[in-house]
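Here we start with a single chain on its own, the form predicted alone, put down as structure tokens.
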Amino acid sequence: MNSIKGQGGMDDLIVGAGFAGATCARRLADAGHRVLVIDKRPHVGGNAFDRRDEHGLLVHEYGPHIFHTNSEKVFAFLSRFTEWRAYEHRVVAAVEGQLLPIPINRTTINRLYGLDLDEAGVTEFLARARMPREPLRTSEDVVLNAVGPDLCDKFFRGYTRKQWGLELGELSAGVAARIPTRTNDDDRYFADRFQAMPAQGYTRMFERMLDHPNIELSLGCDFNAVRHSIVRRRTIYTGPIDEYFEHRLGKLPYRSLRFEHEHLKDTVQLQPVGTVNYPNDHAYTRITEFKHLTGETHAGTSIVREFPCAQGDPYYPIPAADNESLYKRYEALADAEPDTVFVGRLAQYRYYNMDQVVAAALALTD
């Protein structure tokens, strides 16, 4: 653990050096607060941490992180700490021997079914295929209501089972609602106004964000080891909310991931796009090839396979009714906790995108 210099007391102790913690730290430091940021990992950036592998390629240690936002405020804030590389993420799904665009679009439907529909024809096709559901309570309701049972089975049901360890009908509607259905040929995974990657990587962006005379950083530091010994006016906590309260109401379920990184030394490019999803084949959900994301050139290529699992570091709050009910009980404890605020994906038990975490941290520090 790094030694902690600020023995005379801090204005703010921030637990976690990811998007929520780093954003809060910089905003408060700019406003004159003395801030101590701790993280139990040996690096900044949380799950967005990236590094050079042994072959010199920039890879995302914890799976692909693709930045996109419609918020000019969020983009302007992060732009203080990085230059950007324009990048629009594209994903294809391996279905019935083909690599088909996801989100489902006109190309997906025409190639899958051997058709030649225009946009109006795709609209009519989906109208016939869909199974109207009302109200939309689960992700199964959302998908069946949008595309019907066949496309649901081919693209969503198996992927959901692997990714979440749940059936589609057990998952809250908001998860599937994140994925649009298109009748045109737009094959971008996101349609946000700002889509880009930090030109020197996420880690460098975080290092710049935390480089301030009012910020002290201690890595390899577990909050539970110092929570009673650090003098501060306020705590900003970005870790799992149930862990903060020592699981007194029971453990909140989180989904974890195992990553299998590999370098292919004689392959210039493995995939046609950054990510290939495998909804029905293999134990992994997807393969990401980082050169698409970073724009780097190399004689070989570096990839990562993602294997969802029940145990391990928490990555995704699991959006389901029972889990939301338990979180609400923890939220009541959090609201009553003196001089402590909770922000971020794990602290608020929300399936936030990166920009949503930054927006929440900006709102909090405002």
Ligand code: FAD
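Numbers follow the displayed sequence, beginning with 1. Quick caveat, the model's predicted, so the values are computed rather than measured.
One more form of this protein, predicted in complex with flavin-adenine dinucleotide (FAD), exists but is not displayed; see below.
Figure note: of the listed segments 233 to 241, 78 to 86, 125 to 133, 107 to 115, the one touching flavin-adenine dinucleotide (FAD) in the model of the complex, with heavy atoms no more than 4.5 Å away, is 233 to 241. Within 4.5 Å of flavin-adenine dinucleotide (FAD) in the model of the complex, a heavy atom is found for every one of F223, M354 and V357. Put simply, P64 is close to flavin-adenine dinucleotide (FAD) in the model of the complex: some heavy atom of it is within 4.5 Å. The shortest heavy atom separation between A25 and flavin-adenine dinucleotide (FAD) in the model of the complex exceeds 4.5 Å.
Using a 4.5 angstroms limit between non-hydrogen atoms, F307 is distant from flavin-adenine dinucleotide (FAD) in the model of the complex. In the model of the complex, none of the heavy atoms of V35 sits within 4.5 Å of a heavy atom of flavin-adenine dinucleotide (FAD). None of R51, R41, H55, R329 but one reaches within 4.5 angstroms of flavin-adenine dinucleotide (FAD) in the model of the complex through a heavy atom, and that residue is R41. Of all the residues from 270 to 294, the single one having a non-hydrogen atom no more than 4.5 Å from flavin-adenine dinucleotide (FAD) in the model of the complex is R286.
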